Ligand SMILES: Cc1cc2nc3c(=O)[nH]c(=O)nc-3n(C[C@H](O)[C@H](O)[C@H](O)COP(=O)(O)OP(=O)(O)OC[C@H]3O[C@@H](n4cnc5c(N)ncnc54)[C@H](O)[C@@H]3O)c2cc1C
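As a starting point, one isolated chain is supplied in structure tokens, in the form predicted alone.
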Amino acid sequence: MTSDGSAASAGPNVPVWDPDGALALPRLRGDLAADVCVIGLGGAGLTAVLRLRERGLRVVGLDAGPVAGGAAGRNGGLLLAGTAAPYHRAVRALGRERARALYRRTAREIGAVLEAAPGTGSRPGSLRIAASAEELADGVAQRRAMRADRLPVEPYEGPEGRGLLFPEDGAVDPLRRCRALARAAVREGADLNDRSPVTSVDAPDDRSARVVRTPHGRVRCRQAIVAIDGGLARLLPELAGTVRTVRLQMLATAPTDRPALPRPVYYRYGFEYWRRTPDGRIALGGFRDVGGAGESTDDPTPGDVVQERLTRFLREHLRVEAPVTHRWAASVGFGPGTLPFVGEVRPRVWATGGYDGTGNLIGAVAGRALADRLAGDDPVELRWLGAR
């Protein structure tokens, strides 16, 4: 139980998002054939499924749990253009042309996300609020770099603090979004199966296809996309030294009218983030660094140390008195640098993951680009993402 006594009413690791929108999909039983098997039915995987169907390919989609049962449906729902790194740092790491192209491409993806899942989000902008003088100066450097490249950003000072305003960013209910994408994929003829954990992705003796195996069925396919973020290396051990799994934790309150929070907030270099949900709750996440080495885990169960710190921040910094009703966690992937991992891990087996907790947009960009690559194109986004 946390210090405010609310853990008993906060539910067993249940996110605040879309409590009544359950989606019924079959388990995979028996054998299926497809042009492409997509493993992981979150934002990246479902975007890939829809794009593959647009290109006329036969698609089977699999997930170990329900649709978006992992990080895709358990994150804060922030739609932030760019990479996980602030723009000026992305410029240093990637070069100006590439960083600018990725920023503009992910900014366009905000509109695509909201159009593909109507009614699940909006574009109120977002704030980066500084927790220190050093971070405030870092924000000034970010603003200068963005203005030099004519990207939308404004200085900000208001009730949340001082920092930057990104007027075109957005927010979404991540679980409703993914369920909407899954329903659309089924309507378009994709064969989606949940509660079907993949045990292996093998090559049969003739080497002309891949066989994706689950406990009760198989998918024979020409190619596969593994769109798992947290736990990616469990299925593809080749990535064990490239993508690591980290636990991110959140909580949410009962509806409250304070603070107003018209826009989602990123704080302390993104370690903390919060927003108001459409029904008036405050959703808050962060403090993985406070949890230390214990947060480098595949266990997606909320931990006492981080939850205590989240509660204290909610009460002391945000001045929110409403009771905590939800506490949850998710496993996410942290990649090798500024960019996520996108590439061909084995012959005809592609993977995307390691979004550093910011995969709602760049994951969708990667998923669509991989779909186009498997359909025979050479999308420029794969070069921007440094696809292996």
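What you see is a predicted model, and the numbers here were worked out from it, not measured in a lab. Just count from 1 along the sequence shown to find any residue number.
The same protein also has a form predicted in complex with the ligand, omitted here; what follows describes it.
Here the marked residues 121, 259 and 283 all miss the ligand in the predicted complex; none has a heavy atom within 4.5 angstroms.
In short, of 317-325, 49-57, 353-361, 24-32 it is 353-361 that has heavy atoms within 4.5 Å of the ligand in the predicted complex. Of the residues 126, 83, 249, 245, just one reaches the ligand in the predicted complex with a heavy atom at 4.5 Å or closer; this is 249.
At the 4.5 Å threshold, heavy atoms of residue 78 reach the ligand in the predicted complex. Residue 339 falls outside the set of residues with a heavy atom inside 4.5 Å of the ligand in the predicted complex. At a distance threshold of 4.5 angstroms between non-hydrogen atoms, residue 36 is out of contact with the ligand in the predicted complex.
Residue contact check for residue 288: none of its heavy atoms lie within 4.5 Å of the ligand in the predicted complex. For the stretch 184-203, the set of residues having any non-hydrogen atom within 4.5 angstroms of the ligand in the predicted complex comprises 196, 197, 198, in sequence order.
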